[in-house]
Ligand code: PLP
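The chain below stands alone and is given as structure tokens, in the form predicted on its own.
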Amino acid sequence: MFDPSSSIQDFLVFGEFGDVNPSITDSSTFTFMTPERMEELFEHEIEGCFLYSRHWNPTNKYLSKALARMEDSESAQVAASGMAAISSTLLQLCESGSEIISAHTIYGGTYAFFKNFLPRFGIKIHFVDIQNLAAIEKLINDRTRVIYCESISNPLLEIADIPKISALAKARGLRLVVDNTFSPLILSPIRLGADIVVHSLTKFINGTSDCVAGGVCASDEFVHKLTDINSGAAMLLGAVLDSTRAASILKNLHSLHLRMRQHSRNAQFLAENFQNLGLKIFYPGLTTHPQHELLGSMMNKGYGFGGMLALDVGNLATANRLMTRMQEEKVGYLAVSLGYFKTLFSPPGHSTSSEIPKAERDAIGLSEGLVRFSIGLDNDIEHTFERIKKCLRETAVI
């Protein structure tokens, strides 16, 4: 059985002097012994040779290889942000006249890129309930190039049936692109049939909220296209990850399995106890979640159901009072993003999903009173729950 964490642990890279951490290549350009070798490298990629860090850098290459091992892809490419990974991937796959079918519940930045930016270049987007395979199939035509979804959606935590969507995509010659930011190690979308996996490395993979980075995991062929000096979207758009940050993320990647287990353990405890209080909870680890069994059938065992949960307290005013009290009670921080060692909470309708118009948020069930939690690594989650329960009482949620 494939174990993504073991695959990462088996990835050993020595530094220049036998260092247990690989040396950081702090250089934008690289020297050649002969003009002929330089010319050759401009014609095609040569393993172990580098020309300019906007193309490849040894440190970025190490991180890319580790990500490929984690997702069981042939290759990977790192970028300066999750949005850089998403935008370069879609611009590589599509051209003017192309169409994309996207899940309607996705990260607000991705939604804005699809809804407001890509149409300027003649690329049409269809948003759809990703659970409705018949609706997806109905939208496919000869201009469709991509089906796009999140493995666990932001912020409603819906689960995509990746094997079934993949079968549909492959039957029609389409690429399935999956954002796996919420579920690294938990799900391996490429093994489930996805063609390309994108990540915001900023989140769980890095885990310390001190950098912004992204990654694309795919076939050798696609990554070579992304980095081609003449036509590669990643190469020509230039969203390069700094090598020092790449080295830091690579170190943090090796503790990801421990962190994901603790995030999941804490989130499961809170979700079950919130449900016992009669609250409206979105968490795929609950048996009442509509795709609980689906996720269980696809997931890699041992990492839990993830560190994200959402709580609907009815209206924005109540949500704001609750979040303010939780920060005062030192439960965590009122902040966007996720994957940090402290709990983070925010109202997605007025932060990370604010790009989606209210009418569309209402249509997909994204309530004004929704609070999204990224559950931290608290050692005493029972104590954390008592603090949250105090805040729930004081704000009349319970």
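All values derive from a computational prediction rather than experimental measurement. Numbering starts at 1 and runs along the sequence shown.
Form predicted together with this ligand: not shown, discussed below.
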From the candidate stretches 268-276, 115-123, 286-294, 196-204, select the single one in contact with this ligand in the predicted bound form, where contact means a heavy atom within 4.5 Å.
196-204
Distance check, residue 179 to this ligand in the predicted bound form, heavy atom within 4.5 Å
yes
Partner proximity in the predicted bound form: residue 212 to this ligand, non-hydrogen atom cutoff 4.5 Å
yes
Hey, in the predicted bound form, is residue 217 touching this ligand, heavy atoms inside 4.5 Å?
no
Does residue 300 reach this ligand in the predicted bound form if we count a contact as any heavy atom within 4.5 Å?
no
Just to be sure I understand the contacts: of 282, 127, 222, 107, which is the one whose heavy atoms reach within 4.5 angstroms of this ligand in the predicted bound form?
107
Would you mind picking the one in 92, 154, 102, 166 that has a heavy atom within 4.5 Å of this ligand in the predicted bound form?
154
This ligand in the predicted bound form - contacting residues of 63-99, heavy atom within 4.5 Å:
81, 82, 83, 86
